[in-house]
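The chain below stands alone and is given as structure tokens, in the form predicted on its own.
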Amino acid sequence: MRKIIIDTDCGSDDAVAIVMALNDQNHEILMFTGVSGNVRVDQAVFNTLTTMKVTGAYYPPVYRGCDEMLKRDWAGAHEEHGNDGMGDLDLVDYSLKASEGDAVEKILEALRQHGDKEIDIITLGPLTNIAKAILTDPETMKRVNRIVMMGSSGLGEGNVTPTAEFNIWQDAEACKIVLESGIDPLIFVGWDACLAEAMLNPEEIRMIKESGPLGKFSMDINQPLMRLNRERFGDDYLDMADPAAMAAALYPECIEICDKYYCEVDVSDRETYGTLYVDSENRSGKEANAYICSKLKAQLFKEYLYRQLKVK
């Protein structure tokens, strides 16, 4: 079994990805680490714990990580996920407790205790915790097998500015530290990977919701995103960015396009802040430093999603 650490700013699509990972019997989650992003870190921790409780598979520790970005103010994504990040349905169990310990230190501790290249890190939010771990102990962080990140606009357009995707835009300085860390491979699953045929359409959403408790939970908490998408597309659609990234990480058979490029991130004060520039034509002549997963095989992705959500 592959050992993984999941770093999350747990909003509603993160929760679906977490359900998927907990039900994947080919991987063992060593821990979850919370970070501010969609919601503040304390809310992200409660949302993660609640999702584990609903899933009922097993219960890795959940550690609290960074509340503030490295340099920028936190923004949040309440419009897409609700004020509590979980659709404001009063599903969050605030009696649950995080495990004792700091997320950054726990990541480093796990890497020291396990064999070299034995642990994958999957990130579903801003990269603040990962950057802090690199700044604290860069050599230990190089023991990671790979880092798979839901982040960047891939080879397409952004979702928070014309060119920037939310997770990178929320803390671009953290992304810069990760890109320059020397860790290899780094794999960005772009926002474009969850669009087009990979989106859940109204019929698929209804099928998942009616399939059982996990399916209903997963679709109910994403009602705010559906409301937004009704304005964009005229009906209920879901662009499931974090589930797409989780599928790419745990079920790589569903990846259609994933190539390595030279990438750098914009940390300027301009409106392009947070853009991950991808040298797709190799015009810079610089050595490729990150993979960009920009397209999934939609049917395989959805079949994997259905299996993990117990859709029959």
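When you see a residue number, it is the position in the sequence shown, counting from 1. Small disclaimer: the values here were computed from a predicted structure and weren't measured.
The same protein also exists as the form predicted together with beta-D-ribofuranose (BDR); that form is not shown, yet it is the one meant from here on.
This chain is drawn without beta-D-ribofuranose (BDR); in the model of the complex, the residue among Ala241, Val178, Ala133, Val144 with a heavy atom within 4.5 Å of it is Ala241. A heavy atom within 4.5 Å of beta-D-ribofuranose (BDR) in the model of the complex is found for one listed residue only; from Asn229, Asn159, Ser211, Gln223, this is Asn159. Interface membership of Asn47, defined by any non-hydrogen atom within 4.5 Å of beta-D-ribofuranose (BDR) in the model of the complex, is ruled out. For the chain shown alone, Thr33 is not a contact residue for beta-D-ribofuranose (BDR) in the model of the complex, no non-hydrogen atom being within 4.5 angstroms.
In the model of the complex, beta-D-ribofuranose (BDR) lies farther than 4.5 Å from every heavy atom of Thr128. Though the partner is left out of this view, His81 does reach within 4.5 Å of beta-D-ribofuranose (BDR) in the model of the complex, counting heavy atoms only. Here the chain stands by itself, but in the model of the complex one stretch of 201 to 209, 102 to 110, 166 to 174, 136 to 144, 166 to 174, has heavy atoms within 4.5 Å of beta-D-ribofuranose (BDR). Contacts between 189 to 210 and beta-D-ribofuranose (BDR), taken as any heavy atom within 4.5 Å in the model of the complex, involve only Trp191.
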